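Only one chain comes next, encoded as structure tokens, the form predicted on its own.
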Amino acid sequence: MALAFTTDEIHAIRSTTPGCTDDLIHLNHAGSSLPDQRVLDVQIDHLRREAAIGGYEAAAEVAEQTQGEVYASIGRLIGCGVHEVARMEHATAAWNAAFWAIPKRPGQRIITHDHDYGANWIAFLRAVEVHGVVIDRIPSDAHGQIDLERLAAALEDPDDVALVSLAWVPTSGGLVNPAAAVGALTRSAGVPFLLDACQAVGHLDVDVEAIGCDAMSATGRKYLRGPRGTGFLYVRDDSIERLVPAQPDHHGADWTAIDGYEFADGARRYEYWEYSHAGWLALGAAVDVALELGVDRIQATVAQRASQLRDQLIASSMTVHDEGIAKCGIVTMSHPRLDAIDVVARLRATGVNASSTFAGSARADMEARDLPPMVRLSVHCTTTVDEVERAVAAVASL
């Protein structure tokens, strides 16, 4: 088990993070985190180069990095080959690229968990209209995570299943779903497994081989501390030929004849030609920072700080709504008298950044638990014990 960062180590990380100041307590890392100065420098320097010599010319100068080094860094981060990584503009684009590539027949089931994201549910509902599939909701077990026994039963007829979709770290309750246990069941059944890891990558130590997912979507702006408008898609090597991109362009596929084309090798068949070169380079820098720090130690620090935050909120008469055997860096709470929007606005006025989560983001879970809109406080390895204490005091004073 990795050790959490010491106080001195946290201050060293904060010293290279411009947003970490005495005037701001940022508890919205699951929304958009605070980047390291190296990430900013890479992104801004490339934008300046584009302005100075032109976008195509600036891209040519960094082709070795954008076409190789960033993919290699991501491969090291999640334990995969570079050919299994596709560049994406955000997690939703990555997830949709995989979801709409998975074959679906009328009457087949999309198996999901009550904690899946609102954006993904919209895709499920659209697939019902387009493909005639059926949504099969697996409820939570007594701990709040996906019920593995019910999932196993739902996979007994694998030909009847189009895919299993899971949010590894959902938005609405501190949960870390047992992704590897789900992967073991889907691999045994031969059913595609799509893992939404937008709030897990950079937060949890990730090994896609151990998880066994066929595809995994991720974003740059959350726990990776990268820029907004960046992300990536992982597609397992032995699943690439089974999943057919729904909307390829002439980068993801080669126009080989007037009436024919061939997909690009590997996961890059899901990519489009146009993208933010500055953002992609900066995402690579963010991944390198995370690898340098050690994601296992980031995970240990985040878990420690989130536990302290939960305990102190409960001691201050707040209601904490988090579930799970394993809990993440997201803490959801409600105030005994004030609604979530009011709490978030009033906290922001005191220099504490937070966000709120509503039924539209996780309706199946929030309706099942009869939850109100909640305040969402999310910590990172840059969060100090003092910041937790000051934030809880601010909440209690409202």
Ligand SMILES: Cc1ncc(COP(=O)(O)O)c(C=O)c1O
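Since the structure is predicted, the reported quantities are computational estimates derived from the model, not experimental observations. One-based numbering along the sequence shown.
Not on display, but discussed next: the form predicted in complex with the ligand.
Chemist: Heavy atom within 4.5 Å of the ligand in the predicted complex: which of 221, 269, 310, 277?
Modeler: Partner contact (heavy atom, 4.5 Å) among the options: 221.
Chemist: Consider the chain as shown here, without its partner, and state which of 108, 92, 316, 239 has a heavy atom within 4.5 Å of the ligand in the predicted complex.
Modeler: It is 92.
Chemist: Of 316 to 324, 143 to 151, 163 to 171, 279 to 287, which is the one stretch near the ligand in the predicted complex, taking non-hydrogen atoms within 4.5 angstroms as near?
Modeler: Looking at the other structure, the answer is 163 to 171.
Chemist: Could you tell me if residue 199 has a non-hydrogen atom within 4.5 Å of the ligand in the predicted complex?
Modeler: Contact check for residue 199: yes, within 4.5 Å of the ligand in the predicted complex.
Chemist: Is the gap between residue 117 and the ligand in the predicted complex 4.5 Å or less for some heavy atom pair?
Modeler: Contact with the ligand, yes.
Chemist: Can you name the residues of 46 to 67 that have a heavy atom within 4.5 Å of the ligand in the predicted complex?
Modeler: Not one residue comes within 4.5 Å of the partner.
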